[in-house]
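In structure tokens, one chain follows: the form predicted on its own.
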Amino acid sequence: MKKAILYINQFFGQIGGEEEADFAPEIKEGLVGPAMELQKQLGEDIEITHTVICGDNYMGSNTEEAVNTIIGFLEDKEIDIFFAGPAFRAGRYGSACGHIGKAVKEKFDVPVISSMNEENPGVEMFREHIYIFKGGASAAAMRKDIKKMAEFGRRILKGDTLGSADEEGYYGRGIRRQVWLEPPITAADRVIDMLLKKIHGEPFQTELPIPDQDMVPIAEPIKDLSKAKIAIVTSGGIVPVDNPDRIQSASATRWGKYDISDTDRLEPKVFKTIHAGFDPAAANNDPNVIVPLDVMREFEREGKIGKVHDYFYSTVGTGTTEGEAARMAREIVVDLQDANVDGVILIST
């Protein structure tokens, strides 16, 4: 009988919600949460022997330590295949599945299978390292996503001939394999066929797909900075200490706008960072290292810029999906335009 292990986060591991996101790695014998459905789909020939659980924030803030701990858990375990998730659209969860999946693949050289929604940042981060199936946006797709993971896992362990990423339903890994067509068709004939279909507006499938690029046009330069109103926008998570807008520490869906009209610099213990993707010590000690209000005020006094906008805008970038980031940007831009802001200093971390 083949042996499998599943990785899940604190929520699906039945530890708790966001309040338990700092939960340290733990391994449990047998089936926990989604492992029960995965076992059902895998059938009798593959046994899930253990479930690994780790909080999303813990993995995000202590990645190396968390991965090493989990690898230590697995050192003496029999593993034929490793599953992670499914992670849906949850950015922190997808990133965690990717980090541990990549490490398991490299350490034990076993197949690793996960599932994520196309907007999960874990897809682009780890699609080249592990099998990531195209999944739903929320846990409502749990059974459907697990079924795809299980079916593919069974076929790998049986040694079945596997199709392309599109045929199987996972995101392409950048791997090209030579396929012999029956009956044979020369490259010249195939390319002419594609060209004719393109000319006549008919659908065709290229043999070398090029990823879509979201090209943002470069803005026109500001003609006179000495008269310009400049705003500060950051994805570094700087907020008032009570985080009044409840911006998430990762996979953010919220942003905040904070008054600095009577302030020359951001003071510690008044502002802090809630960002889960880096050590917050330096930013908490001096929030101006991320929101450089002190320097901007100097530029304002020296006449290098006309005025610092009365508010700065903040959210968190780590794990945030492209879709949520674009939506928040559109909302912030409306506010900036209403205030007649001429330019933005955009600070990441």
Partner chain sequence: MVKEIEKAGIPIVQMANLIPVAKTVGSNKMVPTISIPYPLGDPDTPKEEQWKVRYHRVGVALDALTMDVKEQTVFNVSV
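Rigid core (definition): largest C-alpha set, two forms, superposition within 1.5 Å. It should be emphasised that the depicted structure is a prediction, and the values quoted were computed from it without experimental measurement. Positions refer to the first chain, counted from 1.
Absent from the display: the form predicted together with the partner chain. The rest refers to it.
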item: Single option in 53, 70, 305, 42 placed near the partner chain in the predicted complex, where near means a heavy atom within 4.5 Å; value: 305
item: In the predicted complex, the residue from 230, 194, 141, 157 that sits within 4.5 Å of the partner chain by heavy atoms; value: 230
item: Distance check, residue 346 to the partner chain in the predicted complex, heavy atom within 4.5 Å; value: yes
item: In the predicted complex, residue 290 touching the partner chain (heavy atom, 4.5 Å); value: yes
item: Any non-hydrogen atom of residue 202 within 4.5 angstroms of the partner chain in the predicted complex; value: no
item: In the predicted complex, residue 24 touching the partner chain (heavy atom, 4.5 Å); value: no
item: Which of 319-327, 43-51, 61-69, 29-37 sits within 4.5 Å of the partner chain in the predicted complex, heavy atom basis; value: 319-327
item: Any residue of 155-193 that, in the predicted complex, places a heavy atom within 4.5 Å of the partner chain; value: none
item: Per-residue C-alpha change between this form and the one not shown, residue 221, threshold 2 Å, rigid core fit; value: yes
item: Core-superposed C-alpha of residue 67 shifting 2 Å or more between this form and the one not shown; value: no
item: Core fit, then residue 92 C-alpha moves 2 Å or more between this form and the one not shown; value: no
item: Closer or farther in the predicted complex, the Cα atoms of residue 127 and residue 323, when the shift from this form is 3 Å or more; value: closer
item: Outcome for the Cα pair residue 235, residue 65 in the predicted complex, compared with this form (closer or farther; change of 3 Å or more); value: farther
